[in-house]
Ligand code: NDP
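Below you'll find only one chain, the form predicted alone, shown as C-alpha coordinates.
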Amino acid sequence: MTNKPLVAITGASSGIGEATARAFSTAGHPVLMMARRIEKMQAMGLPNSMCRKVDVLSRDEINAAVADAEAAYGPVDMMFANAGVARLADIGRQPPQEWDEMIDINTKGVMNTVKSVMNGMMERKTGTVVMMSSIAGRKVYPDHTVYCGTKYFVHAVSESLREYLSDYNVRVLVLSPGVIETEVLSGVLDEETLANYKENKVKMGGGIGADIVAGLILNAYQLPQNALVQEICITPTRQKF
(Lines give C-alpha, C1' and ligand atoms only; values in the text may rest on other atoms or scores of the structure.)
Protein backbone atom coordinates (compact mmCIF):
# COMPACT_ATOMS: atom_id res chain seq x y z
CA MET A 1 0.00 0.00 0.00
CA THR A 2 0.98 3.66 -0.33
CA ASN A 3 0.09 6.85 1.47
CA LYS A 4 0.13 8.90 -1.71
CA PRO A 5 -3.23 9.84 -3.22
CA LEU A 6 -4.97 8.01 -6.03
CA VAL A 7 -4.69 9.17 -9.63
CA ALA A 8 -7.07 8.04 -12.36
CA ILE A 9 -6.43 7.97 -16.10
CA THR A 10 -8.67 7.24 -19.05
CA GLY A 11 -7.14 6.01 -22.28
CA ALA A 12 -4.45 4.41 -20.14
CA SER A 13 -3.64 1.48 -22.42
CA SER A 14 -1.21 3.33 -24.69
CA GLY A 15 0.52 6.58 -25.54
CA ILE A 16 0.47 9.49 -23.12
CA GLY A 17 -2.06 7.74 -20.89
CA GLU A 18 0.17 4.70 -20.46
CA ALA A 19 3.27 6.84 -19.92
CA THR A 20 1.47 8.93 -17.32
CA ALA A 21 0.31 5.83 -15.46
CA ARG A 22 3.90 4.59 -15.36
CA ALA A 23 5.24 7.97 -14.21
CA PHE A 24 2.78 8.33 -11.34
CA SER A 25 3.21 4.70 -10.33
CA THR A 26 6.97 5.15 -10.19
CA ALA A 27 6.38 8.22 -8.03
CA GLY A 28 4.50 6.02 -5.56
CA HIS A 29 0.88 6.75 -6.43
CA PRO A 30 -1.84 4.13 -6.71
CA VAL A 31 -3.29 4.33 -10.20
CA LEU A 32 -6.72 3.60 -11.63
CA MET A 33 -6.25 2.79 -15.32
CA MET A 34 -9.30 2.86 -17.57
CA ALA A 35 -9.52 1.95 -21.26
CA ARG A 36 -11.23 -0.45 -23.60
CA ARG A 37 -8.15 -2.69 -23.94
CA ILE A 38 -7.86 -4.05 -20.43
CA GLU A 39 -5.27 -6.69 -21.34
CA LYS A 40 -2.75 -4.00 -22.33
CA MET A 41 -3.15 -2.26 -18.99
CA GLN A 42 -2.87 -5.48 -17.05
CA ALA A 43 0.31 -6.37 -18.94
CA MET A 44 1.96 -3.25 -17.52
CA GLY A 45 2.00 -4.92 -14.10
CA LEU A 46 2.03 -1.69 -12.10
CA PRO A 47 1.94 -2.05 -8.31
CA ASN A 48 -1.03 -0.60 -6.40
CA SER A 49 -3.00 -0.31 -9.60
CA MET A 50 -6.50 -1.18 -10.73
CA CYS A 51 -7.44 -1.84 -14.35
CA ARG A 52 -10.98 -1.41 -15.57
CA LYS A 53 -12.46 -1.88 -19.03
CA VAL A 54 -14.30 1.39 -19.56
CA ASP A 55 -16.04 3.10 -22.44
CA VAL A 56 -15.98 6.82 -21.61
CA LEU A 57 -19.40 7.22 -23.20
CA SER A 58 -20.80 5.15 -20.33
CA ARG A 59 -21.18 7.25 -17.19
CA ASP A 60 -22.08 4.11 -15.27
CA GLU A 61 -18.83 2.36 -16.24
CA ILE A 62 -16.66 5.33 -15.29
CA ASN A 63 -18.49 5.90 -12.03
CA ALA A 64 -18.22 2.22 -11.10
CA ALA A 65 -14.49 2.15 -11.83
CA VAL A 66 -13.89 5.27 -9.74
CA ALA A 67 -15.96 3.87 -6.89
CA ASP A 68 -14.03 0.58 -6.89
CA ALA A 69 -10.65 2.33 -6.89
CA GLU A 70 -11.63 4.82 -4.20
CA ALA A 71 -12.82 1.98 -1.99
CA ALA A 72 -9.37 0.45 -2.26
CA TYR A 73 -7.07 3.49 -2.33
CA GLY A 74 -9.01 6.53 -1.14
CA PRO A 75 -10.30 9.53 -3.10
CA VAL A 76 -9.12 10.36 -6.61
CA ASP A 77 -6.82 13.37 -6.27
CA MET A 78 -6.04 13.67 -9.99
CA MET A 79 -8.13 12.69 -12.97
CA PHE A 80 -6.52 12.70 -16.42
CA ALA A 81 -9.31 12.87 -19.00
CA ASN A 82 -7.08 11.48 -21.70
CA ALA A 83 -9.24 9.14 -23.81
CA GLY A 84 -9.85 10.40 -27.32
CA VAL A 85 -9.80 9.56 -31.00
CA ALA A 86 -8.33 11.35 -34.02
CA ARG A 87 -10.08 10.62 -37.31
CA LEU A 88 -8.20 13.17 -39.38
CA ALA A 89 -9.41 13.67 -42.94
CA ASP A 90 -10.38 16.18 -45.59
CA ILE A 91 -13.85 17.26 -44.46
CA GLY A 92 -15.21 16.97 -48.00
CA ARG A 93 -14.57 13.26 -48.19
CA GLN A 94 -14.80 12.28 -44.54
CA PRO A 95 -17.68 9.95 -43.59
CA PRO A 96 -20.03 11.68 -41.11
CA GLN A 97 -19.77 8.60 -38.89
CA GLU A 98 -16.22 9.67 -38.13
CA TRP A 99 -17.52 13.09 -37.02
CA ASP A 100 -19.94 11.37 -34.67
CA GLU A 101 -17.21 9.23 -33.13
CA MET A 102 -14.90 12.17 -32.45
CA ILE A 103 -17.65 14.41 -31.13
CA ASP A 104 -18.92 11.68 -28.81
CA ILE A 105 -15.60 10.49 -27.38
CA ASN A 106 -13.66 13.76 -27.38
CA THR A 107 -16.43 15.90 -25.90
CA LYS A 108 -19.07 13.78 -24.15
CA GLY A 109 -16.43 11.31 -22.97
CA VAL A 110 -14.36 14.10 -21.44
CA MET A 111 -17.37 15.53 -19.64
CA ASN A 112 -18.39 12.11 -18.30
CA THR A 113 -14.85 11.64 -17.00
CA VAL A 114 -14.73 15.00 -15.25
CA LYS A 115 -18.16 14.52 -13.71
CA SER A 116 -17.12 11.22 -12.12
CA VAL A 117 -14.72 13.00 -9.74
CA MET A 118 -15.70 16.67 -9.75
CA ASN A 119 -18.23 16.68 -6.92
CA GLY A 120 -15.91 14.74 -4.62
CA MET A 121 -13.05 17.15 -5.28
CA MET A 122 -15.34 20.10 -4.60
CA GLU A 123 -16.43 18.60 -1.29
CA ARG A 124 -12.83 17.92 -0.24
CA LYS A 125 -11.64 21.34 -1.48
CA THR A 126 -8.73 19.78 -3.33
CA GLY A 127 -7.90 17.90 -6.51
CA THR A 128 -6.51 18.28 -10.03
CA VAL A 129 -8.20 17.65 -13.37
CA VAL A 130 -6.00 17.26 -16.45
CA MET A 131 -7.82 17.74 -19.74
CA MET A 132 -6.39 16.26 -22.92
CA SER A 133 -6.59 18.75 -25.74
CA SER A 134 -4.12 19.24 -28.59
CA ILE A 135 -2.22 21.84 -30.54
CA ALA A 136 -5.31 21.40 -32.76
CA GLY A 137 -7.30 23.01 -29.95
CA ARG A 138 -5.26 26.20 -30.34
CA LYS A 139 -5.02 26.45 -34.14
CA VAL A 140 -6.91 24.90 -37.04
CA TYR A 141 -5.77 22.60 -39.82
CA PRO A 142 -7.62 21.99 -43.12
CA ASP A 143 -7.69 18.23 -42.68
CA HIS A 144 -8.48 18.32 -38.94
CA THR A 145 -11.83 20.14 -39.12
CA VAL A 146 -14.04 18.18 -36.72
CA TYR A 147 -11.08 17.05 -34.61
CA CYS A 148 -10.11 20.69 -34.13
CA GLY A 149 -13.70 21.45 -33.15
CA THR A 150 -13.65 18.82 -30.44
CA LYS A 151 -10.35 20.07 -29.06
CA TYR A 152 -11.49 23.70 -29.09
CA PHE A 153 -14.43 22.39 -27.06
CA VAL A 154 -12.02 20.95 -24.51
CA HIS A 155 -10.23 24.29 -24.25
CA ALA A 156 -13.48 26.22 -23.78
CA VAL A 157 -14.85 23.83 -21.17
CA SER A 158 -11.52 23.81 -19.34
CA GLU A 159 -11.41 27.61 -19.12
CA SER A 160 -14.91 27.66 -17.69
CA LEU A 161 -14.26 24.78 -15.30
CA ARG A 162 -11.02 26.37 -14.11
CA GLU A 163 -12.83 29.52 -13.07
CA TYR A 164 -15.73 27.62 -11.52
CA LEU A 165 -13.58 25.14 -9.60
CA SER A 166 -11.07 27.71 -8.38
CA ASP A 167 -13.49 28.61 -5.58
CA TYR A 168 -13.17 25.01 -4.41
CA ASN A 169 -9.35 24.92 -4.61
CA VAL A 170 -9.50 22.43 -7.50
CA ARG A 171 -7.00 22.84 -10.33
CA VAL A 172 -7.71 22.42 -14.06
CA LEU A 173 -4.77 21.91 -16.42
CA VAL A 174 -5.09 21.65 -20.19
CA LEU A 175 -2.58 19.50 -22.06
CA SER A 176 -1.99 20.62 -25.67
CA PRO A 177 0.63 18.40 -27.33
CA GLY A 178 1.84 18.60 -30.88
CA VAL A 179 3.32 15.57 -32.61
CA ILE A 180 4.01 12.86 -30.03
CA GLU A 181 5.19 9.29 -30.59
CA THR A 182 1.92 7.51 -29.82
CA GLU A 183 -0.68 5.34 -31.54
CA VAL A 184 -2.67 8.40 -32.63
CA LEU A 185 -2.04 7.66 -36.31
CA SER A 186 -3.93 4.39 -35.95
CA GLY A 187 -7.09 6.49 -35.82
CA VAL A 188 -6.43 8.14 -39.17
CA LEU A 189 -8.28 6.13 -41.80
CA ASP A 190 -7.96 8.59 -44.69
CA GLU A 191 -4.93 7.46 -46.68
CA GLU A 192 -4.03 10.86 -48.15
CA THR A 193 -4.22 12.63 -44.80
CA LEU A 194 -2.22 9.86 -43.17
CA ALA A 195 0.50 10.09 -45.81
CA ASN A 196 0.74 13.87 -45.42
CA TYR A 197 0.92 13.58 -41.65
CA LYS A 198 3.72 11.03 -41.83
CA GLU A 199 5.63 13.16 -44.35
CA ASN A 200 5.41 16.23 -42.12
CA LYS A 201 6.43 14.18 -39.10
CA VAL A 202 9.58 13.04 -40.88
CA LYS A 203 10.40 16.64 -41.85
CA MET A 204 10.34 17.69 -38.21
CA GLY A 205 12.57 14.82 -37.14
CA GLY A 206 9.85 12.74 -35.51
CA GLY A 207 7.64 13.25 -32.52
CA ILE A 208 8.37 13.65 -28.82
CA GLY A 209 8.33 10.64 -26.52
CA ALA A 210 5.17 10.20 -24.46
CA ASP A 211 7.34 9.82 -21.36
CA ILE A 212 8.44 13.46 -21.69
CA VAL A 213 4.83 14.61 -21.65
CA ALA A 214 4.06 12.36 -18.69
CA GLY A 215 6.96 13.88 -16.77
CA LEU A 216 5.55 17.36 -17.32
CA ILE A 217 2.14 16.30 -16.02
CA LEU A 218 3.75 14.79 -12.93
CA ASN A 219 5.85 17.91 -12.30
CA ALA A 220 2.82 20.18 -12.64
CA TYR A 221 0.79 17.97 -10.30
CA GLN A 222 3.53 17.98 -7.68
CA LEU A 223 3.40 21.75 -7.29
CA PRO A 224 1.65 23.01 -4.14
CA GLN A 225 -2.13 22.96 -4.48
CA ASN A 226 -2.21 26.76 -4.60
CA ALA A 227 0.00 26.78 -7.72
CA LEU A 228 -1.46 25.88 -11.09
CA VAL A 229 0.11 25.32 -14.48
CA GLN A 230 -2.93 26.25 -16.54
CA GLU A 231 -1.73 24.76 -19.81
CA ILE A 232 1.09 22.59 -21.06
CA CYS A 233 1.69 23.14 -24.78
CA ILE A 234 4.57 21.01 -26.02
CA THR A 235 5.72 20.29 -29.56
CA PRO A 236 8.88 19.07 -31.25
CA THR A 237 11.32 21.96 -31.62
CA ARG A 238 11.12 21.63 -35.40
CA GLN A 239 7.32 21.53 -35.58
CA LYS A 240 6.28 24.67 -37.48
CA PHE A 241 2.52 24.23 -37.41
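In case it trips you up, residue 1 is the first one in the sequence shown, and so on. Predicted model only: the values in this text are computed from it and were never measured.
Another form, the form predicted in complex with this ligand, is not on view; read the next lines as being about it.
Undergrad: Run the contact test on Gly15, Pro177 and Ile180 with a 4.5 Å heavy atom cut-off to this ligand in the model of the complex and return yes or no.
TA: Every residue of the candidate spot has a heavy atom within 4.5 Å of this ligand in the model of the complex.
Undergrad: Only one of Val85, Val170, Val114, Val157 has a non-hydrogen atom within 4.5 angstroms of this ligand in the model of the complex; which is it?
TA: That would be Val85.
Undergrad: Identify which of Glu192, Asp211, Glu70, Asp55 has a heavy atom within 4.5 Å of this ligand in the model of the complex; exactly one of them does.
TA: Of the candidates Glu192, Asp211, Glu70, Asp55, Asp55 is the one lying within 4.5 Å of this ligand in the model of the complex.
Undergrad: Just one stretch in 118-126, 161-169, 75-83, 91-99 has heavy atoms within 4.5 Å of this ligand in the model of the complex, so which one is it?
TA: Heavy-atom contact with the partner occurs in 75-83.
Undergrad: With a cut-off of 4.5 Å between heavy atoms, is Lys198 one of the residues that contacts this ligand in the model of the complex?
TA: Contact check for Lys198: no, nothing within 4.5 Å of this ligand in the model of the complex.
Undergrad: Does any part of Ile105 reach within 4.5 Å of this ligand in the model of the complex? Heavy atoms only, please.
TA: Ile105 belongs to the contact set for this ligand.
Undergrad: Do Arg59 and this ligand share at least one heavy atom pair within 4.5 Å in the model of the complex?
TA: No, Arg59 stays farther than 4.5 Å from this ligand in the model of the complex.
Undergrad: Can you tell me if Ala35 lies within 4.5 angstroms of this ligand in the model of the complex, counting non-hydrogen atoms only?
TA: Contact with this ligand, yes.
Undergrad: Even though the chain is shown alone, can you say which residues of 137-163 have a heavy atom within 4.5 Å of this ligand in the model of the complex?
TA: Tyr147, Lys151 sit within 4.5 Å of the partner.
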